[in-house]
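Before any questions on how it binds or moves, here is one chain, the form predicted on its own, in structure tokens.
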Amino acid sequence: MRILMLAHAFNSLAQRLHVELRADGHELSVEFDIHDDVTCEAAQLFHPDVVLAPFLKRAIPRPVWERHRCFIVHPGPPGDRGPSALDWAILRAVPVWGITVIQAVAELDAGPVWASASFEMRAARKSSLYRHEVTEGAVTAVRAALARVASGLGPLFEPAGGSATWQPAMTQAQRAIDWRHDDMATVLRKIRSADGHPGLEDVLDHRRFRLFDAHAEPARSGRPGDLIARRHDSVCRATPDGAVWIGQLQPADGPPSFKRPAALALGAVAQTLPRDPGWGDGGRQPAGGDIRYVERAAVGYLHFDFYNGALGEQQCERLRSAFVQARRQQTRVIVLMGGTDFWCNGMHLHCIEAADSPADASWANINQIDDLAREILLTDTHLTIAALGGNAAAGGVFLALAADRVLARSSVVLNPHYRNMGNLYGSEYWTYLLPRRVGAERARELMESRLPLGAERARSFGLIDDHAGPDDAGFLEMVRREAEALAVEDVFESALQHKRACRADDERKRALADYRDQELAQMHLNFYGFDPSYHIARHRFVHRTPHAWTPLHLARHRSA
């Protein structure tokens, strides 16, 4: 079918649907929801069989839904209506939730139901549920709805509004925290119901912030509401029955701002709190810490779960230290597990935006990531595996390629390019790592196309070695099986000798330092040169500036 995807932004759900529906053989084009006239024009240009809206903040214009079959992906089960569906489900601790594909009509979320899927709710932040359960349910439901269209069938039932319940947009007052009485579980639900947008408003140090990235800390206590500790970027706040770690804050007073690490947002106040170091820097291995390490059968598993996959200067330094520490253990294989939502997305654009000199911060950040990539690349005592259980983009993809083997969960989405961030050139040794995996011609194609890749297409290109899933169990079993097979003594010794020989041969052909110098020369121009496109794109991304146009690599109907 010809499917016009209409979205507020090309977010994780829209990207996953784009990947899956293209793989199914559909012809897709994308238009951002900028103005009713723009949407109407896109429909006229593309002549779609179906308009698919996976992520909208406004109603589809009447002329479009009157002339075309328009499917809305609603993050709630049949009968649920309103813009805060997932927020309410988390706040109320609903055990089972769902996804519904609804045909657009005049009344919001009240049209015929074409398909639905259900899932069990995890105790997780809204953004994590959205990237996993909601996205998986949406893929299933959208495919089912399209199958009904292809078979000439109508909707499952209509209208959705017969027994529907309208739930209004959740307000800050409805999820406000009472620090004297709300227990740890309640505080977590309230913060998670607003993460990653719009955030939960609260007062810290006599200033208003929006809170994100909350984790339980049952082992600490203090006067409810007080800040009682700091661990790297996070601050710990006491509840009546324990405490919670808060990783990100967004200033809510004054002009519009953006989220950033909590310790950075609080400034001097955070510096006075007792420090709680984590694994990799001499501290204990805390539950919920962003870096964790476990060993099993001569294999070390290094988990690094950084918020939104952002790898800033501090995260780079701590992760490199943790990797070096893991390398000192009596193991043969190190598996770089990344995080559950994202493996890695490269530079920490929010920290860069908050810096006095974003150019200097960008330069320092990219050099730190390069140092980390070099540490992995030059490891000659262990075999390394990058296990991508979450999505990866830009420098995060190429950091994974520094490992000897790259495995992925079947449902991950990869964006192996930099150009969407203002024509950024990129580093992380990609000019060495990418061509050696996919060849020079394919490398150019991937870097210029700017489109997301699914795991199967990435494997067919040679970008990754294998994939399994889409569930975590199947993926983790594949990772364990391959890691333990590589750790068998004879296999390990042979593979390690081959690895050393290949690296030495590559170094004779062209020094690794030469790749880095060439890449950084281009990056220096991106950061300090006359073309400000990187700084403009970063600013728009961090401040969540609405799109003013749809890029032509997505809007195929405008580039014909």
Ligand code: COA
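What you see is a predicted model, and the numbers here were worked out from it, not measured in a lab. Start at 1 with the first residue shown and count on from there.
If you look for the form predicted in complex with the ligand, you will not find it shown, but the lines that follow are about it.
- This chain is drawn without the ligand; in the model of the complex, the residue among 348, 382, 237, 231 with a heavy atom within 4.5 Å of it is 348.
- Checking 71, 245, 418, 430 against the ligand in the model of the complex, a heavy atom within 4.5 Å turns up for just one residue: 418.
- Although the partner is absent here, residue 259 sits close enough that one of its heavy atoms falls within 4.5 Å of the ligand in the model of the complex.
- By the criterion of a heavy atom within 4.5 Å, residue 395 is counted among the residues contacting the ligand in the model of the complex.
- Interface membership of residue 15, defined by any non-hydrogen atom within 4.5 Å of the ligand in the model of the complex, is confirmed.
- Contact annotation for residue 302: none of its heavy atoms lies within 4.5 Å of the ligand in the model of the complex.
- Only one segment in the set 404 to 412, 330 to 338, 470 to 478, 420 to 428 has any non-hydrogen atom within 4.5 angstroms of the ligand in the model of the complex, and it is 420 to 428.
- For the three residues 8, 42 and 46, a heavy atom within 4.5 Å of the ligand turns up in the model of the complex in no case.
- Of the residues in 197 to 224, only 197 comes within 4.5 Å of the ligand in the model of the complex through at least one heavy atom.
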